[in-house]
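In the block that follows, a single chain appears as structure tokens, in the form predicted alone.
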Amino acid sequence: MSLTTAIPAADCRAAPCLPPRIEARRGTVDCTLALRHAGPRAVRLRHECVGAPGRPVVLVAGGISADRHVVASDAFPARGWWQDQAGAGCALDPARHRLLAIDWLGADGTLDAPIDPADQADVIAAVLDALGIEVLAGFVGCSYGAMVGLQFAARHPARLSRLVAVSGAHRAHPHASAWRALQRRAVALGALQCDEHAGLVLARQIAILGYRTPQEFDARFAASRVVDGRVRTGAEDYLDHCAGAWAARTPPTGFLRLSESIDLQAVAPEAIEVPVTVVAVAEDRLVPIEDAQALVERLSHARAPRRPQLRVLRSVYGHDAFLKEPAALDAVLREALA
């Protein structure tokens, strides 16, 4: 087992997001998938590719709120969910790689059935088939995406050269699962009051407290104060803003099913024969560093051609470090994808 702390590299955000005329395409795939807990279902899969055909393909996957739009391009100029991590001069550079991403199965709320992370791995395989891509040069998964990446490595090993699993493990920690169960109950209570939006907002506010750390809140927010006869905490405006914007674009069923999906994660690391780099954050309260260490220890017993690597980051942003620490993560990705 290799345990190190990543040293930040030069910040790729200083460069333009993308050089001009980088090719980007979107598409859909209609197929029937045999879901592990719901049987055969007709589904529509959405994907986006950034970078010219012929370059090594790297699949990029984020948390349950991420989608197929990773980075801005000429064709799709809106800011991507990983805009600070993928672009000119970064480890994930469309001038050197073809970046592929999908919308998670069920994210649009049209599939009201249990969705296993293994199902998402099979979704990716179906998209690769449709695009004529035999092997991925890399799979970079963060949070839920890391869970799906481990499933893909176990279920489709011949189609993957290497995996980088950031803040995601082979199982859902029971404490984190309990946290998510309360979020889902908040949505249910909102529905009982005929206000699913309010339930979603509360669920997201609970989630943010798990994504971030007490240290960040202590440094960032002022003490509580009395406003109009009641006590208001320093973080409430921030939580209201972030959760309100997220809830406005999130289907309740999509959130509920993907939240459940995290808790269904179960994969045997010993069955993974693909080289894996595991990236953990010491302050992560959803994926404790002990789970990352256990994952790497069990991966060490697999028949992979290269021993698994563990890279540990320190970040006040906790589980959200993969969104907030681009320089430190870029250094890890450069090593892992070299």
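All of these numbers come straight from a predicted model, not from anything done at the bench. Start at 1 with the first residue shown and count on from there.
The next section is about a form of this same protein that is not shown, the form predicted in complex with a further copy of the same chain.
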item: Partner-contacting position among 74, 108, 129, 112 - heavy atom within 4.5 Å of a further copy of the same chain in the predicted bound form; value: 112
item: Heavy atom within 4.5 Å of a further copy of the same chain in the predicted bound form - the one residue of 173, 162, 98, 156 that qualifies; value: 173
item: 37, 199 and 239 each touching a further copy of the same chain in the predicted bound form (heavy atom, 4.5 Å); value: yes
item: Options 257 to 265, 129 to 137, 144 to 152, 84 to 92; stretch whose heavy atom lies within 4.5 Å of a further copy of the same chain in the predicted bound form; value: 257 to 265
item: Residue 245 within 4.5 Å of a further copy of the same chain in the predicted bound form, heavy atoms; value: no
item: Any non-hydrogen atom of residue 125 within 4.5 angstroms of a further copy of the same chain in the predicted bound form; value: no
item: Close approach of residue 79 to a further copy of the same chain in the predicted bound form, 4.5 Å, heavy atom; value: no
item: Contact of residue 251 with a further copy of the same chain in the predicted bound form (heavy atom, 4.5 Å); value: no
item: Neighbours of a further copy of the same chain in the predicted bound form among 292 to 314 [non-hydrogen atom within 4.5 angstroms]; value: none
